[in-house]
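To begin, one chain is listed below as structure tokens, in the form predicted on its own.
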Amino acid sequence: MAEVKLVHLIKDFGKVQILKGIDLTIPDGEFVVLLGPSGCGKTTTLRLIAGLEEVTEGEIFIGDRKVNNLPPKQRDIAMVFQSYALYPHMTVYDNMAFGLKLRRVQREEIDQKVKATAEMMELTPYLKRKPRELSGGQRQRVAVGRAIVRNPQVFLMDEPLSNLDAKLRVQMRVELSKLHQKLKVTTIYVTHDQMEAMTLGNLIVIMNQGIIQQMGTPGKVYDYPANKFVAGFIGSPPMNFFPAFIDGEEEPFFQMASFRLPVPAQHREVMRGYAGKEVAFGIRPEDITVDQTDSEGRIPVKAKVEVLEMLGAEIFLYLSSPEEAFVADSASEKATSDRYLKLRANPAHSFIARVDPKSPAKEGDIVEVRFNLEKSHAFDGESEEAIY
């Protein structure tokens, strides 16, 4: 086990810069997930740690060793690939033992380690089979077992579950979590699937365009996103965003193109500083209710149900707010009207609500929706950094 530290890591491929100065410390024994869209640099980061790519600038430490110039076999890491990468002509036993044989480990020790790992991974009945005789989930367990048997300081996993069907992915997520709890080996896991990230990771590192956007526990990045990108990337369905500007002085409110909502009391002071400025109002689908009497006095907003998706335990309603007339009543009516016209040029009024399956809403209905403003978010209109 070892801490992994990346210091100002830069990686160029020709004139294209993939990583733009990554600084990251992964504590010893943690399960850390690198999460982001395709092309964000997460797999490149993993390959640099593994020694499969050369660093353009920066330093990589595994434990107390700088490993920039060390070949992969001397870094004491084990990598699990997306494609299993099993030798088709070898049995499960030989696949798992191959790395130990290359290191000239004694035959008795190899046999002991392979059989112990096979029992842990529930592979004992399959040790004499070849990969073509195994299911996808069994092959992936062999690939993971081959990494475990080496007892490395660090596990590197590059989207190892992406080739499995939905049921097997759930099963393997549980198995990987149990495995980490048992072994406590530092693990760096790459995925673009936020469900995997939220369920597997002790810490999540969210990347975009070669830059770390935020690092934190699953709960922290979900409830307190650092910027609009993180807020929109984490969550399924994603957070809803409404372009708005802040109006009102003593009691500021979000003015959207067709409705307005008050700023929550605990955030009024900071939002007064944004009076007259453009912001993005954000709220997650589960914080929108439909056709319910609200004892807390939340302001209803009319919306049309465009599409309804029934998912069994919940319903996703794809909504659009109606085109209503705007009445400027602020101190600066002209300025407000000008800002309103700018909002109208790009209204972005489509949004999603995640509601109870017993909801009576149907496609085409005009419904009243209410926003749980205590769970709302606000983002700077220019920098897109979180205001609250």
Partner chain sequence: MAGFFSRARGDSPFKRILIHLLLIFACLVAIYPVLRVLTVSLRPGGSVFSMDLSMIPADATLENYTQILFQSDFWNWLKNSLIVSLSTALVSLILAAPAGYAFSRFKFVGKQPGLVFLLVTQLFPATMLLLPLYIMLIKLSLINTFLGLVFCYMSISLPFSIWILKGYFDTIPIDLEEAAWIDGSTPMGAFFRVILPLSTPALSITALFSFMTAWSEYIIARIVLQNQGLFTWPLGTVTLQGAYYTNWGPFSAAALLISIPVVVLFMATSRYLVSGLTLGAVKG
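Positions refer to the first chain, counted from 1. What you are looking at is a predicted structure, and each value in this text was computed from that prediction instead of being measured.
Unshown form predicted in complex with the partner chain; subsequent notes refer to it.
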Contact residue in the predicted bound form, from Val307, Ala265, Leu102, Leu311 (heavy atom within 4.5 Å of the partner chain): Leu102
Position in contact with the partner chain when the complex is considered in the predicted bound form, options Lys73, Lys128, Lys182, Lys167, heavy atoms within 4.5 Å: Lys73
Exercise: Gly276 in contact with the partner chain in the predicted bound form, heavy atom 4.5 Å: no
Touches the partner chain in the predicted bound form: Gln112 (any heavy atom, 4.5 Å): no
Contact label in the predicted bound form: Arg65 to the partner chain, heavy atom within 4.5 Å: no
Any non-hydrogen atom of Arg141 within 4.5 angstroms of the partner chain in the predicted bound form: no
Interface segment, criterion being heavy atoms within 4.5 Å of the partner chain in the predicted bound form, picked from 167-175, 185-193, 230-238, 102-110: 102-110
Residues within stretch 68-88 having a non-hydrogen atom within 4.5 Å of the partner chain in the predicted bound form: Pro72, Lys73, Ile77, Ala78, Met79, Phe81, Ser83, Ala85, Leu86, Tyr87, Pro88
